[in-house]
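Only one chain is included here, represented as structure tokens and corresponding to the form predicted alone.
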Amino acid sequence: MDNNSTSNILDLRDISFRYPGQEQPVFAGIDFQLKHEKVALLGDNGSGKTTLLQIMVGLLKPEKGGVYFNGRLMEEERDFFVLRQQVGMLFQHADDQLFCPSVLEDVAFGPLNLGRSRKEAMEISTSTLRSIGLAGYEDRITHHLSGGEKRLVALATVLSMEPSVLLLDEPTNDLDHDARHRLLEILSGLDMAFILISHDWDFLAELCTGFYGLTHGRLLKSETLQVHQHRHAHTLGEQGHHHLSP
């Protein structure tokens, strides 16, 4: 993929969507362009953030408008099949992404579907698990893992497909402090574009350079959100950390 920061990777043009049986649209006339950047998608629960990500990868079809990937209009399911090979989506709930008996089988599922040999898929999957701190988890039973471990395995299933773009829906859900810190390290080290939905303001402040708000069916880029650091008194003493503020 072209890493030129001035070219659009994903381009949503005049997107409108409503769920069947609902009179009020979730959003109407939305335009959005993603370049080689890390951006946050903000909004209240129910504002349509997850819906918008699902439209980007073709899991939902807009009532109006088009999704473009690297300048090409995605029209048919076969177009989105190609897109999903390069745009990986981490779902909000890890159990929606994990369905094989063992961790290694879950992580290898994507590479196998992309036509990798079993040997290649296993090598990629083992390497991916090692890269996110889960070496030795290969034979673990996925659904016996903790919530945080499942979340990291779900991320490994996406990364093993070697995407060029990530869509991350509440990735810090179910993570304890150590797992959250590990996830922050992983995402900070990735040289790829991503869109991040989260209510974890400190996490967003560490990772994202652009901020978009979805409210009342409109998507607006914030030109005023800035990161600042201040200090609080905690039971273990003063600790500095970041927040976002307008």
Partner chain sequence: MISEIFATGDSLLHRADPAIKIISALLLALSIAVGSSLEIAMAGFVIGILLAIMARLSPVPLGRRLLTVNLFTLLLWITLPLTGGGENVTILGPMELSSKGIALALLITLKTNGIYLILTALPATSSVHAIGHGLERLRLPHKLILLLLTTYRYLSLIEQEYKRLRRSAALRCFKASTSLHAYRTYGYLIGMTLIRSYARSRRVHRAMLMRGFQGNFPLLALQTIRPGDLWLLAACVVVALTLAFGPVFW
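Residue numbers count along the first chain shown, from 1. This is a predicted model, so every value here is computed, not measured.
The same protein has a further form, the form predicted in complex with its partner chain, not shown here; the description that follows concerns it.
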Exercise for the section: Find out whether any non-hydrogen atom of Tyr137 is located within 4.5 angstroms of its partner chain in the predicted complex, and reply yes or no. Expected result: no
Handout entry: Distance check, Ser164 to its partner chain in the predicted complex, heavy atom within 4.5 Å
Key = no
Handout entry: Thr128: touches its partner chain in the predicted complex, heavy atom cutoff 4.5 angstroms
Key = no
Problem - in the predicted complex, Cys100 touching its partner chain (heavy atom, 4.5 Å) - result: yes
Exercise for the section: Have a look at 129 to 137, 67 to 75, 100 to 108, 171 to 179 and name the one stretch with heavy atoms inside 4.5 Å of its partner chain in the predicted complex. Expected result: 100 to 108
Problem - Neighbours of its partner chain in the predicted complex among 50 to 64 [non-hydrogen atom within 4.5 angstroms] - result: Gln54, Val57, Leu59, Leu60
